[in-house]
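In the form predicted alone, a lone chain appears below as structure tokens.
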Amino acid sequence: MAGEELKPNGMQFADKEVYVKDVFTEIASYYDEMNEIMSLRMIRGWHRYMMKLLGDISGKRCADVGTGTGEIALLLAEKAGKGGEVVGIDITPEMLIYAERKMRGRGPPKDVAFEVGDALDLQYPDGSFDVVTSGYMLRNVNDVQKAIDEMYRILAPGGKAVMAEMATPDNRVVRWAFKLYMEKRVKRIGRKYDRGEEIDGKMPAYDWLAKSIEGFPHGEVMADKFSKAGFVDVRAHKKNFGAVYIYEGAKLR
């Protein structure tokens, strides 16, 4: 990672889990709108690419870990169809309220089961799901490798995982433009919502969501973590000049 210190486990601090949960409780009502802004309106394209990587998942058992307001889980439900089963898991109950509301508005072929759960301690037996996804969750946990290990554990042999995460671009010019956008636009617009108020005596919500990307492992560094968990055929797909990566991996039969 040229020009930036790598933090192999992301940014960590005391009581991170409590803080992150409180952040997402605070921003649940405007989370989707701010995701559109943070992604330059490209987030839906990233999600379509995730679904493309999964291939045909008709009738499959699917889990979306760190589901938030359920966007990826609902795409899985559309793709898995009436014969499929989708569980959306998140540590923040407030986010799941909005996920349920969104589901009622969209009416997928089969309802998603939204459940409160911890990505570091998933309460499902080994091999429970044929498909596991995650979007922008890894930098919010306090043990990145443990989260990946858990998603591998609940994946059935022959199953596939696809996960998306933000990153700071390696290219110096692109990195400069990216950081300028995060500082001057994302944080400024975020102030309209978080009002610059500290959460749990720490930084405001959108200061954290921007700061958490800095130095976060990505590309081959993150792909190595997937391989360490046991995934095979691991690939890291760079999008938007390295501002986001989409990872895929499979579990041997």
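Bear in mind that the values here come from a model prediction, so they are computed numbers and not experimental data. Numbering starts at 1 and runs along the sequence shown.
Below, we turn to the form predicted in complex with a small molecule, even though it does not appear here.
**Q** What stretch, of 181 to 189, 65 to 73, 223 to 231, 51 to 59, brings heavy atoms to within 4.5 Å of the small molecule in the predicted complex?
**A** Result of the contact check: 65 to 73.
**Q** Out of 155, 77, 167, 95, which one falls within 4.5 Å of the small molecule in the predicted complex, going by heavy atoms?
**A** So the residue touching the small molecule in the predicted complex, by this definition, is 95.
**Q** Sort through 91, 87, 162, 148 and report the residue having a heavy atom within 4.5 Å of the small molecule in the predicted complex.
**A** Filtering the options by heavy-atom distance leaves 91.
**Q** Mark residue 35 yes when one of its heavy atoms lies within 4.5 Å of a heavy atom of the small molecule in the predicted complex, and no otherwise.
**A** Residue 35: yes, in contact with the small molecule in the predicted complex.
**Q** Are any of the heavy atoms in residue 117 no more than 4.5 Å from a heavy atom of the small molecule in the predicted complex?
**A** Close contact exists here: in the predicted complex, residue 117 approaches the small molecule to within 4.5 Å, heavy atoms only.
**Q** Is there a heavy atom of residue 245 no more than 4.5 Å from a heavy atom of the small molecule in the predicted complex?
**A** No, residue 245 is distant from the partner.
**Q** Indicate whether the small molecule has at least one heavy atom within 4.5 Å of a heavy atom of residue 136 in the predicted complex.
**A** The answer is yes: residue 136 has a heavy atom within 4.5 Å of the small molecule.
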